[in-house]
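Only one chain comes next, encoded as structure tokens, the form predicted on its own.
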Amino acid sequence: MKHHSLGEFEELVLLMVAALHDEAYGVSIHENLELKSSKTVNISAIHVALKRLEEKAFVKSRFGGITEDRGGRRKKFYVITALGKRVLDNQYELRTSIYNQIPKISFSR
């Protein structure tokens, strides 16, 4: 597979898109990332990451219908592509492989 770069924050956003599957949009990704990481996440950073992921063909988007509760604005939903899933799989294998090389050591408390 051709090498595809994926930054740490992009990886988190891509993981959340995959986890939320067909319900992934900016606010849902934002809320779930903050919940899972217990950190404040900038919504603009999520939108920038989603744009980069879409340019890399790791996600694809579609617009939902117009709803009154959003003042007539449509949500933009994202789903992971087959390429995006392969990139995540490769990242997971790389990280697991390196983690498994850590010698069995103990730390005193």
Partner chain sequence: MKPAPPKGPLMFLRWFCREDYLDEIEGDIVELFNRQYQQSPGKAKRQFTWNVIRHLRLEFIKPFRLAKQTNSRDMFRTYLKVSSRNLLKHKFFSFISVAGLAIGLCVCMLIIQYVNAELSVDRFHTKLDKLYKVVNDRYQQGSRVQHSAMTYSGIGKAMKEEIPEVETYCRVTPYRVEVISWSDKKIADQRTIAVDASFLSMFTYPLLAGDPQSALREPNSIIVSEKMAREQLGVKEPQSLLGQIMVFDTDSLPYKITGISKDIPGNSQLHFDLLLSYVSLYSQSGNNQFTQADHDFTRPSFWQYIQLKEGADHKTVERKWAGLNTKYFPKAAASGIREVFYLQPLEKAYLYSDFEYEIGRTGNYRIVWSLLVIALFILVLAWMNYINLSTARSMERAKEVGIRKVTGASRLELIKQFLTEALLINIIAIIIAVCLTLLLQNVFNELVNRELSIGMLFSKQTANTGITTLFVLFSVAGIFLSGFYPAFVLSAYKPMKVLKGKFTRSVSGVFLRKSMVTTQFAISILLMIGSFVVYRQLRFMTSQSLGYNMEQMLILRKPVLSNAGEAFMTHADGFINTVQQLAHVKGAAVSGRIPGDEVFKINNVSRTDIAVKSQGTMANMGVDLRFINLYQMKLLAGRNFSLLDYNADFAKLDNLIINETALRQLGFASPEEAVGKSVMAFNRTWEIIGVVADFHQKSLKSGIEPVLLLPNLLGRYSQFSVKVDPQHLPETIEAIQKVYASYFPGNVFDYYFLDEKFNRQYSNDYLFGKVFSLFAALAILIACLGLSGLSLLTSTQRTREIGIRKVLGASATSIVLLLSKDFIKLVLLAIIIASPVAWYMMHLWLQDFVYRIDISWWIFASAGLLSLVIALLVIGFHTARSAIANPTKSLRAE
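Numbering follows the first chain given and starts at 1. Here the structure is a predicted model, which means the values were calculated and not measured.
What comes next is about the form predicted in complex with its partner chain, which does not appear here.
J.: Within 4.5 Å, heavy atoms only: does residue 78 come near its partner chain in the predicted complex?
T.: Yes - in the predicted complex, heavy atoms of residue 78 and its partner chain come within 4.5 Å of each other.
J.: Residue 27 near its partner chain in the predicted complex, any heavy atom under 4.5 Å?
T.: Result yes; residue 27 sits at the interface with its partner chain in the predicted complex.
J.: Residue 43 versus its partner chain, in the predicted complex: is there a non-hydrogen atom within 4.5 Å?
T.: Contact with its partner chain, yes.
J.: Mark residue 60 yes when one of its heavy atoms lies within 4.5 Å of a heavy atom of its partner chain in the predicted complex, and no otherwise.
T.: No, residue 60 stays farther than 4.5 Å from its partner chain in the predicted complex.
J.: Do any residues of 45-69 have a non-hydrogen atom within 4.5 angstroms of its partner chain in the predicted complex? If so, which ones, in sequence order?
T.: Contacts from 45-69: 47, 48, 50, 51, 52, 63, 68, 69.
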